[in-house]
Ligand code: HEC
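Given next, in structure tokens, is a single chain: the form predicted on its own.
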């Protein structure tokens, strides 16, 4: 998650600005230390005399204005790289909505009809991506450090940031705005694929269905369906993440637990203790047989 290891043009512009600021700060520090050493070690009879007017004009006007001008020029370039400029060919659109405490992901350009997912974004590598960011409840902060800068997710408003992953890979993100008790457990991942891999993932997500015994589906409908859906084409109530393709996600609870059979069982049984304040706290505690059925169902929800 280092901002100094950029993987796209927006993050590269930000990294260049950071290195420029570091170089300028080091230069100022070296000059200041050199002047301090000179002042401490000089012969009192050979004092350097600088007119007050020169100090005021040079130190109070020229140096700050030059520094601010350099920052402005480079800052405008870095900010420009994040703008969703019209007329750019091949732009892919993704919608991300912040909730307490997870990320809803919508693919409006999916073949057939929009698809829904959660906490992991899948995009084609090498193409500009316009991420439309909003929030359901409070202000969140959308940030993928290796791909670009931060942007607020504000209730009732949609903001857009343009990113691009130059290479296929997994890029980690976080909520960068304190949003409540579980702010630290609101992780985000972006998967950049080659074109074939991206198309295969979207086709798999669109076809996601639960291949499980009817008893497991009945348990899901009774305990989970009010807030969750197993169909990527349905948003559901919006109170809980869409669970289509859950087995392919790396984590549970937006980064709280590793996603495997043991982690899934623990999350279903202990979510109130693992992530206090999440909206599942009113769900009745399932018995062992129901837990087994739900783990089998959700582990196969590909």
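Owing to the predicted nature of the structure, the values given are computational and were not obtained by experimental measurement. Numbering follows the first chain given and starts at 1.
Unshown form predicted together with ligand HEC; subsequent notes refer to it.
The putative spot formed by 101, 119 and 227 is fully lined by ligand HEC in the model of the complex; each residue has a non-hydrogen atom within 4.5 angstroms of it.
The chain is drawn here without ligand HEC; in the model of the complex, the stretch among 25-33, 245-253, 64-72, 38-46 whose residues come within 4.5 Å of it by any heavy atom is 245-253. At least one heavy atom of residue 283 is located within 4.5 Å of ligand HEC in the model of the complex. In the model of the complex, ligand HEC sits beyond 4.5 Å of every heavy atom of residue 7. Proximity of residue 294 to ligand HEC in the model of the complex falls within the 4.5 Å heavy atom cutoff. Contact between residue 239 and ligand HEC in the model of the complex is found at the 4.5 Å heavy atom cutoff. Along 249-279, a non-hydrogen atom within 4.5 Å of ligand HEC in the model of the complex is carried by 249, 251, 252, 253, 254, 264, 267, 268, 275, 278, 279, in order along the sequence.
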